[in-house]
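Next up: a single chain in structure tokens, the form predicted alone.
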Amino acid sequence: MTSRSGRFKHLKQNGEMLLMTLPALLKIFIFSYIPIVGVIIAFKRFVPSKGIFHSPWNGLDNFEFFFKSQAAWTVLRNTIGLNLLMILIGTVVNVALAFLLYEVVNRTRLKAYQTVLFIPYFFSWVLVGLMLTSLLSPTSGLLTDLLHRVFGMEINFYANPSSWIWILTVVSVWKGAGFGSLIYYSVLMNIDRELFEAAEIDGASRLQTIWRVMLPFLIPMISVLTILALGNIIRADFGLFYFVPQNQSQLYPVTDVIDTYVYRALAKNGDFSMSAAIGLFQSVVGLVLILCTNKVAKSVNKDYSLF
């Protein structure tokens, strides 16, 4: 009885806050939980006219069809390899920018730097793709024209797939640097100033202060964000890999990832079953990776784990 009255009292005290979460919970339920029923399409030969429940079962044929296709190894390699590269370089750049922002004393300059860094985060990938085309176009690109005038080099980036490993990485890091650095900067702002004063009294250099005082505070956040990123390593940012390289077929050896491959299979062939199978595969692998990386981080230090 006491437990029930306590729960009712808690509900009454926090009723307004709980009511505010209702739209978000409703959204999650409608768009995240109800569609789970559609997972069974991955194990069926889906026929739209028959619907989800009346389409014939075909077991694991949809998974087998994808993994036996010629493109399977290429898209898996591109998805995992490029995501790993982006996570590594993105983390280093974001942490470095956070350190640099922390060194800015003038508040006006700090807000200006943060604004400049944050603006690309709001650009759509369609806009970023158009901006990149204006730089790299073989006929009218600003960068290609500059390279030709200064060094006499004629480079067609859209005919050179290997260069897009770094182009896509740089674009991804550039777009997310403002948001990523802000997270780490907020952690640095919570460090007790007495620690810096103690380090200064002990004669520590600025580099030693960063290594011994600031970095240890960032490691738990770096660990959590890395775990979340590794959970999505099998998923690629569709906009980045589709709109930035302008869906050029000659660049598929590098830019074709699971998400773009599924999109083309769905758009051109209407293959709902294989698309659902790949989506389920991505979700399961992502869950396993999060659980495994979280367990490893927890074994090192409980503060480094996500849960």
Partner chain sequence: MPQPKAYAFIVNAILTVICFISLFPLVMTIMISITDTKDLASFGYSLIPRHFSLDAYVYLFKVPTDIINGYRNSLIITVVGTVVNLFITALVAYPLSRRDFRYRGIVSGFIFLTMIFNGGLVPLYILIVKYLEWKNTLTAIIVPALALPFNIFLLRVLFQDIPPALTEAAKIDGSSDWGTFFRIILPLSKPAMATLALISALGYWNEAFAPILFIDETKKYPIQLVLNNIVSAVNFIKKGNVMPGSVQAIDPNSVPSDSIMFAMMVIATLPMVFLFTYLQKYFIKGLTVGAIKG
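Numbering follows the first chain given and starts at 1. Note that the rigid core is defined as the largest set of C-alphas that superpose within 1.5 Å between two forms. A quick note: this is a predicted structure, and the numbers were derived from the prediction, not measured.
What follows is about the form predicted in complex with its partner chain, which we do not show.
**Q** With a 4.5 Å heavy atom cut-off, would you call residue 211 a contact of its partner chain in the predicted complex?
**A** No, residue 211 is distant from the partner.
**Q** So in the predicted complex, does any heavy atom of residue 116 sit within 4.5 Å of its partner chain?
**A** Looking in the predicted complex, residue contacts with its partner chain include residue 116, since a heavy atom lies within 4.5 Å.
**Q** Does residue 48 make contact with its partner chain in the predicted complex, using a 4.5 Å heavy atom cut-off?
**A** Result yes; residue 48 sits at the interface with its partner chain in the predicted complex.
**Q** So in the predicted complex, does residue 295 come within 4.5 Å of its partner chain, heavy atom to heavy atom?
**A** Flag for residue 295 set to no.
**Q** Heavy atom within 4.5 Å of its partner chain in the predicted complex: which of 89, 80, 72, 127 fits that? Just give me the one.
**A** Here the answer is residue option 127.
**Q** Though its partner chain is not shown, can you say which of 183, 84, 155, 165 has a heavy atom within 4.5 Å of it in the predicted complex?
**A** Partner contact (heavy atom, 4.5 Å) among the options: 183.
**Q** For 14-29: residues with a non-hydrogen atom within 4.5 angstroms of its partner chain in the predicted complex?
**A** Stretch hits, in order: 14, 16, 17, 18, 19, 20, 21, 23, 24, 25, 27, 28, 29.
**Q** Just checking, between the shown form and the other one and with the core aligned, does residue 45 shift 2 Å or more at the CA?
**A** After core superposition, the displacement of the residue 45 C-alpha between the shown form and the other one reaches the 2 Å mark, so yes.
**Q** Using a rigid core alignment, state whether the CA of residue 55 is displaced by 2 Å or more between the shown form and the other one.
**A** Yes, residue 55 moves 2 Å or more.
**Q** After a core superposition, would you say residue 266 shifts its C-alpha by at least 2 Å between the shown form and the other one?
**A** Residue 266 C-alpha, core-superposed: shift of less than 2 Å.
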